[in-house]
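A single chain, nothing else alongside it, follows as structure tokens in the form predicted on its own.
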Amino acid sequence: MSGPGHDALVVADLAVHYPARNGPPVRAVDGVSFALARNETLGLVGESGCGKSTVARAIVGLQPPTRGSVKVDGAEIVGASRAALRAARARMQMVFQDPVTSLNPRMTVGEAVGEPLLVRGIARGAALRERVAGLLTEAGLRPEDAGRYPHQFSGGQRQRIVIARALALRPALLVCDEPVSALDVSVRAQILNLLVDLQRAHGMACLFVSHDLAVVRHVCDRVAVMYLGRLAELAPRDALYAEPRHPYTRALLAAVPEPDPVVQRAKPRVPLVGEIPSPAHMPSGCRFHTRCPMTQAICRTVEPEWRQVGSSLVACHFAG
């Protein structure tokens, strides 16, 4: 993981549990730890319901965690006062999945992009208009688009508006929660390339949450694989795709379709049996043992610890 003093984001033992009226709490996130260096993009992947978006929301302070620590640019988010959290939020921004619901339909594009600068007292009047024009241009839009409303733009253009707004305060951390999954396939590559270019230009750290492993491979430096509220594997991108260590990671990669039928037929098949357990009734031992083709007796009783296997960190007794 990244060294101290160089991390834009440090997450330690993060947990988010939702109380239930009858029965045990739902442990959506249950002990997630990782660090993210400046100018680095970390992909957070896993099946729907594994807790990816909950991690993202807890990091930016939209979801109070049950326990753990989240430090953004050195500032602790968990348990921070309202004033401290407001100051820290200037250093982190979030790009949500659906740009339609992310924008106020009653605000012009210029008002939406300029609002963070206005609220923070950074710019107003002619200086504000100039900053907004620069942000729109940086996001691939025209300065004259500032006077139009969100409904006058396509889905890809609306996501560019959201990205321009997120960059207004020059954050140290950008959290992207499925930023292209609601867009047409034809514009996804444009938005992904824009995010990569802006991240490199501004030296931001980026947490990229997605279920699309092909997209993650395109934009991320490292990849964290999440299963049932915890991380199963954390590795550099190339190492993870070339030699996945955790059986769950291998199953995810095996499920990614290949456009070449010859390559598709040659891919190894990793069978997974059964359904994902409920986060309100976690399995004992390794959480993946109920579906894992490598399960042995120790997997049912002893929870695996993080260990280094090659360049990967893996939570598996038999990863090799």
Partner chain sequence: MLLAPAPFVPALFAPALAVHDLNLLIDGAAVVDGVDFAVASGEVMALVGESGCGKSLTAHAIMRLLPDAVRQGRGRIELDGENLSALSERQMRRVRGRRISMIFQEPQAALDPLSTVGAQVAEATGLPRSQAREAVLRMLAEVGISDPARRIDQYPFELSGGMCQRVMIASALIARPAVLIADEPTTALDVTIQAQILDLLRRLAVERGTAIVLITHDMGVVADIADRVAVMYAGRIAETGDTAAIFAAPRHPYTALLLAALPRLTDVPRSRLAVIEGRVPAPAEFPPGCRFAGRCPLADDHCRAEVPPLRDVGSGHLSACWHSEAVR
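On a predicted model such as this, the values are computed, not experimentally measured, just so you know. Positions refer to the first chain, counted from 1.
Only in words, not in the display: the form predicted in complex with the partner chain, which the text now covers.
> Given that the partner chain is left out here, which of 201, 126, 83, 185 has a heavy atom within 4.5 Å of it in the predicted bound form?
Replying inline: Of the candidates 201, 126, 83, 185, 185 is the one lying within 4.5 Å of the partner chain in the predicted bound form.
>> Considering non-hydrogen atoms and a 4.5 Å limit, which listed residue (196, 87, 118, 100) is close to the partner chain in the predicted bound form?
In response: In short, 196.
> Is the partner chain close enough to 17, 69 and 236 in the predicted bound form that each of the three has a heavy atom within 4.5 Å of it?
Replying inline: No residue of the spot touches the partner chain in the predicted bound form.
> Out of the stretches listed (136-144, 106-114, 74-82, 209-217), which one is close to the partner chain in the predicted bound form, meaning heavy atoms within 4.5 Å?
Replying inline: So the stretch in question is 209-217.
> Is residue 269 close enough to touch the partner chain in the predicted bound form, meaning at least one heavy atom pair within 4.5 Å?
Replying inline: Taking the distances in the predicted bound form, the answer for residue 269 is yes, it comes within 4.5 Å of the partner chain.
>> Does any part of residue 265 reach within 4.5 Å of the partner chain in the predicted bound form? Heavy atoms only, please.
In response: So residue 265 counts as contacting the partner chain.
>> My question is simply whether residue 64 lines the interface with the partner chain in the predicted bound form - judged by any non-hydrogen atom within 4.5 Å.
In response: Because no heavy atom of residue 64 falls inside 4.5 Å of the partner chain in the predicted bound form, the answer is no.
> Taking heavy atoms and a 4.5 Å cut-off, does residue 243 contact the partner chain in the predicted bound form?
Replying inline: Contact check for residue 243: no, nothing within 4.5 Å of the partner chain in the predicted bound form.
> Of 267-284, which residues get within 4.5 Å of the partner chain in the predicted bound form if you count heavy atoms?
Replying inline: 269, 272, 273, 274, 275, 276, in sequence order.
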